[in-house]
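In the form predicted on its own, a lone chain appears below as structure tokens.
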């Protein structure tokens, strides 16, 4: 089985128990996660040969992060060791009309100080069929951005398919900087994953007649966004997640896939959220799995959307929904009845 490679930062996540606010917390729950790491766990969970490439410190916290990936079947042989600290993020889970909040503590993290030449990409991509990254890693600084570009050039030279989730993070960089850096990287990307905020903030491409805060999503507007992304960068496929935000606790979740010829919309799911962090990453993992296994475009978008729908019901960054559970929901069984 060919290897799927994901590259990015794995972080320590600290959250107040339940729905407590930061100011109320006397303790924090600990898990590990991060955009690209979440994708690698999803893929390993579905039985794929998934490898994660990153840099973590040579200390017990770095060891714990790597062990967490290994626990779920991710290949960590290409994890580089060095630097002084693992990135941290604090998450306060929202509820009802109170939004979730994220506070980053990732400056000077091991991966943010990684530079071109630190990773042997030829070795990484030997026997690989797919490479996935997001807009988060290049946002960590000029050196990680240059390292990402180095990886992309090597991937293309070795005939590896490339996907990117734009994943704009306003707490990490400005739209102007994001547009400049990501614009250069996009020439190496085959499959682009985005949402309406990513496309607008990074590339100034806005979905018409759409109000996500009011739960109003216009399919025609998203078709135009996907078509413009493909026209501008030559992507083979563009996938866009469609989140109608009713509140922090309840969303309408769906997605669209454009293959340059047709537009495919998934069914919509009313989602009562347990933990929404990693929802987009689980969509990316589902999309890569389906495309790697020869699913039709219609089934691909249904599988990816069902996978990410289920992730919203699971605590932590990682999606622990099984392949059979995703396929059952994809096939229409969303009753949630007890299985005996």
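Bear in mind that the values here come from a model prediction, so they are computed numbers and not experimental data. Numbering follows the first chain given and starts at 1.
Below, we turn to the form predicted together with another copy of the chain, even though it does not appear here.
**Q** Check whether residue 169 has any heavy atom within 4.5 Å of a heavy atom of another copy of the chain in the predicted bound form, and answer yes or no.
**A** Contact check for residue 169: yes, within 4.5 Å of another copy of the chain in the predicted bound form.
**Q** Although another copy of the chain is absent from this view, report whether residue 294 comes within 4.5 Å of it in the predicted bound form, heavy atoms only.
**A** Contact with another copy of the chain, no.
**Q** Since only the chain is shown here, I'm wondering whether residue 270 would be in contact with another copy of the chain in the predicted bound form (any heavy atom pair within 4.5 Å).
**A** Yes, contact at 4.5 Å.
**Q** Mark residue 174 yes when one of its heavy atoms lies within 4.5 Å of a heavy atom of another copy of the chain in the predicted bound form, and no otherwise.
**A** Residue 174: no, not in contact with another copy of the chain in the predicted bound form.
**Q** Within 4.5 Å, heavy atoms only, which of 187, 96, 77, 180 is in contact with another copy of the chain in the predicted bound form?
**A** After the contact test, the surviving option is 96.
**Q** Go through 158, 246, 227, 149 and name the one with a heavy atom inside 4.5 Å of another copy of the chain in the predicted bound form.
**A** It is 246.
**Q** Partner absent here, but in the predicted bound form, which of 68 to 76, 200 to 208, 118 to 126, 138 to 146 has residues with a heavy atom within 4.5 Å of another copy of the chain?
**A** Among the candidates, contact is made by 68 to 76.
**Q** Would all three of 220, 237 and 262 be in contact with another copy of the chain in the predicted bound form, where contact means some heavy atom lies within 4.5 Å?
**A** Spot residues vs another copy of the chain: no contact at all.
**Q** Though the partner is not shown here, which residues of 6 to 34 have a heavy atom within 4.5 Å of another copy of the chain in the predicted bound form?
**A** Contacting residues: 12, 14, 19, 20, 21, 22, 23, 24, 25, 26, 27, 28, 29, 30.
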